[in-house]
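The data below hold one chain only, encoded as structure tokens and taken in the form predicted on its own.
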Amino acid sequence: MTDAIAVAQRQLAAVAIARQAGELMRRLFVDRAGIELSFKGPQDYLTQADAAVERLVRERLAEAFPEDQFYGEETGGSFGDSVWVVDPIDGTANFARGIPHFCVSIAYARNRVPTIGAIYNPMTDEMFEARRGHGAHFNGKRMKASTVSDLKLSQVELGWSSRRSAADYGRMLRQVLDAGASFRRGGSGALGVAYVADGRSDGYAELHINSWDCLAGIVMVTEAGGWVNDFLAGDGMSKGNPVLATAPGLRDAMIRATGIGADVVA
């Protein structure tokens, strides 16, 4: 089997497993009586559903590709040269509070290169997928990043994490607003980055995000013609980093407004 075929098989599996995980998420979301809410930390929600969905994804991937490594947000794992990086429910706070904006995010990286991404929102039946060198698609249709090139005409999403100070986020928000952009926050970094790939948002920025939240989306933005900072610099795979995903025409302006990727040489 050639390497290209092996990667293509992994993409097909990622999409199929994302749909299976989505079906489980949807059932658990609709039948809310069995959901018990807890916290891993300040504003860091956890439900029993997270563990159930991650177990399903982990088992399906292990059956299909026993030689691959796995790292999930809830159960951990190991990073290697052929690894799946998974967030079972990205947007757990939305899920827990009855807001239908959440997804499963499944990424595959080979030799530290994000190669496959599958992000599925079961409540809207929206599948975002991409494979390095083969484009990005939304429900089977090609995705393309926004053509907006003026921040004063843009709408961007800003994520938030308790791992950085409120002052840091306030500073970034002020700079983005001063530059003329409109902003929103949806509560799911994975969907936020995927929306940049699909042209729904002109940019997504977060001062600290984990790899399981954004790695799948990074593949999509790159394949859709957008720009993403070097998220995996240093120890980004295991410890996270800032992320900036943007329409190509807004790259420099968004770097200036957010400070993310400021080391880029034009």
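All residue numbers are counted from 1 along the displayed sequence. All values derive from a computational prediction rather than experimental measurement.
There is another form of this protein, the form predicted in complex with ligand IPD, and it is not shown here; the text below is about that form.
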item: Thr115 within 4.5 Å of ligand IPD in the model of the complex, heavy atoms; value: no
item: Touches ligand IPD in the model of the complex: Arg164 (any heavy atom, 4.5 Å); value: no
item: Exercise: Thr92 in contact with ligand IPD in the model of the complex, heavy atom 4.5 Å; value: yes
item: Close approach of His208 to ligand IPD in the model of the complex, 4.5 Å, heavy atom; value: yes
item: Sole residue of Arg185, Arg142, Lys152, Arg174 within 4.5 Å of ligand IPD in the model of the complex, by heavy atom; value: Arg185
item: Interface segment, criterion being heavy atoms within 4.5 Å of ligand IPD in the model of the complex, picked from 215-223, 230-238, 198-206, 59-67; value: 198-206
item: In the model of the complex, residues of 66-83 near ligand IPD [heavy atom within 4.5 Å]; value: Glu73
